[in-house]
Structure formats: C-alpha cells, structure tokens
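First, one chain by itself: the form predicted on its own, in structure tokens.
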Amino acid sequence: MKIQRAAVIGAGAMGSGIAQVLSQAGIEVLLKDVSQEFVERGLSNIKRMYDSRVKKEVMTQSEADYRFAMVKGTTSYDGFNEVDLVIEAALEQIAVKLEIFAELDKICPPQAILATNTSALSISEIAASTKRPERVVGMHFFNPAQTMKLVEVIPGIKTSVEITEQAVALCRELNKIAVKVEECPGFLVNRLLFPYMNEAQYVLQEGNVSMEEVDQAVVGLGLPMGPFALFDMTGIDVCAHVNDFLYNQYGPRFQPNKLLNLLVSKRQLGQKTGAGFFLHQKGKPAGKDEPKEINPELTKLLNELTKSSPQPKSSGQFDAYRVLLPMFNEALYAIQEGVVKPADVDVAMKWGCGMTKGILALAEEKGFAWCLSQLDQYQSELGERFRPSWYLRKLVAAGVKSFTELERTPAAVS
C-alpha cells in the first residue's frame, strides 16, 4: 500500500520531527496535539527544520515551502478517516497510548497502519486496545527524528508480516535505516545501552578513575560521547526511569546503581536543569574539546552513596571494556532470544547511537574467548550483572571467531 496521507499524534520534538520526515518524502501530514498552542509550536519547529535545509542549500526555498505546506495542524481527529498511516508520538505513558489507539481504531480506515513511536512500552498491549492488532506496529524513531537514520521496527505478537514489511519499506522511502526487532523490554538499542551506562556509575563509585577518563576511553573506541555526557544530554530522570523499568523486566543484569536516583532527588537532571554529572551554562553542553566542569553536588552524593551502599571493587585497573562488555553481553542475550539477527546489531548501534565500530566488531577484535574470561572475572568480583550469556559460552566452545562464520550455506550432497 502506497502511503499518501498520514497523521502524527503529538507535536513535540519527536512528533514534529517525524512529521517533517514524512512531508519531505511527499506525504501529506495531519499533526495533532491537545491544544492549539502545542500544534503551533510543532509547526514552528518544522518550519525551522525546512529553513535550516534552505540555509544549508539542501533544498530551494520553493521546495521547502511546498513540503512545509503538506503539514496541517489540528486539535481534533477530523480527517483521520482518510489517512493511510498514523504514527503516535504522544506521552510515554501506557494509559495515554491505550486511550489514543482505542480512539484511532474507531476513526481510521480499516486498511490504515497504526504505529507507535514508543521507546519501551509493549506494542502488543497497545495493539490489544484495538480490534485490529494485526495492523499495529512499533516504529521507534530516534531523537532528533529529522536527522537520525535508525528506526526500530517492532511487530507486536499479533502484527502481520505484511504490516511489518510495509513499515520497513516506508522507512526506506523516508531515507531511514530500518532494523526489525522482536518485541522485548527496551527493544534493542536502549536495551544494550543501559547496562553500559549503568556500569559507568559503578566504576565512578569505586573512585579510581574520573568521569572524563571514562568518557574519553570509550570515545577512543568509536563512541560519539561517553556515558556521563550521554546521561546529561538525555536527562538523568529519563535514564533513571528507563533503567528501573529494565531492571524490573530483566533482573540482576540491570541492577541499577543508586547514583541516578540520588541525582534525581536533588533535581540534578543534566543539561535541562544546568547540572547533572557536569555543569552546563544555560543548559548547553561544553564543546567536544572544551573542558567540562564537574558538578560539585556529585562529590557529596558519591560520598553519601559509598557510605550507605558500599560496593565490591574490581581488582584491576580501569579498562574501557569494563563498561563495554555488559553491552556486548546484552547483545548476545538478545541474539540468543531471537530478538535480532547478529548482522543487524552493529547496524543499529551505528545508526542509533553513532558507534563508528559496532559492539560485535569490537568483541571480535578482542576475541570471544577473551570476552568470556573477562566477564567471568568481573562476575566473580562484582556480581550477577556480569553473568555471561550461555550463547557466548557456546560460541567459545565451538571455536567461533566471527558471526560471519554462522551464515549458513546449504550442506553439500554427495
């Protein structure tokens, strides 16, 4: 089915970015929010996106005006009975999404695709609020949607193969990179990022290495920024919520360090409040090569945490793989569960979080046997969050050096 008319629910940063991407691909868009003020703000955001493209000479003024005119703002569901696709990008609260999808089910044409941009909530539960769960799919765009290439396409338990394939095809039409992910808490990129970000806090609590040293070490291995810079950019309250959610779903591998919630309790939320792990003037991060100023409140909280919740320490010197191995290990758990194909893991990490060298590629360079031995050592010293995937043990026992060895070819017949 050719998508000609679409609607986006939620005119915030994500919704307006998605609407801009759709309109740039020649798709008419209804941009809906609960108030005219929010709608106008979203339209202004889209106008700025097009103005930026004109300024960069990516498109002419007439082209930008034409594409922008394809987006119409609304506070009602008028016109939703004619759309081919709806992408919901409202508040990340299950009750809100269930209410929206129940309403969409009543209004939208039977052939319409109903997609949710949720980053963690259950696609299957959202789909169950409709009478057409086979036509509901997750399309998780990454922020900012107008520039980030990755879209995680997540079918619910009843989503049809046809709808999943149409969502993937639409991503290609939008000039995005689609990675199909079977439904699981955190989907793929967030599921892999949070054990890494969580472990960085445990490293910091040990007191043997600074935040900037941790950040610089991982940047040296191909990440665009370190975990502490990422915490402050994303929002510490958001990260604390996601980490607690993943811990409740997966257990000890996601055992959260208490530092995030201490920062939240002090309203030290990162760039948006001017202070998180670092201080930020007017909410803006320091430039890539500029020195970062450590939040003085952090030292107090670390001292408080060390006294109230002492943790075992690693016997060795800090190595960047201390924080990267939990990411690799979680990738293997996802592979062994059939959540994702090995070939898609590094694609997702490249286009979803900017890794110049994927986590599987980094592990292959070190060797799977080395990774297993390090995880075993960290587990013995630091606990269950390092328990290796049984799939990794199987790979090592089989002498596998690279995932390319597992690309199956037909057996020879004599």
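Residue numbers here begin at 1 and follow the sequence given. Everything numeric here is computed off the predicted structure, so don't read it as measured data.
Below, we refer to the form predicted in complex with a small molecule, which is not included among the displayed structures.
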property	result
Heavy atom of Ala11 within 4.5 Å of the small molecule in the predicted bound form	yes
Non-hydrogen atom contact Ala102 with the small molecule in the predicted bound form at 4.5 angstroms	no
Distance check, Arg135 to the small molecule in the predicted bound form, heavy atom within 4.5 Å	no
Non-hydrogen atom contact Arg191 with the small molecule in the predicted bound form at 4.5 angstroms	no
Listed range touching the small molecule, judged in the predicted bound form by heavy atoms within 4.5 Å, from 354-362, 38-46, 370-378, 52-60	38-46
Proximity to the small molecule in the predicted bound form, single hit among Glu182, Asp344, Glu92, Glu297 (heavy atom within 4.5 Å)	Glu92
In the predicted bound form, the one of Ser314, Ser129, Ser119, Ser124 near the small molecule [non-hydrogen atom within 4.5 angstroms]	Ser119
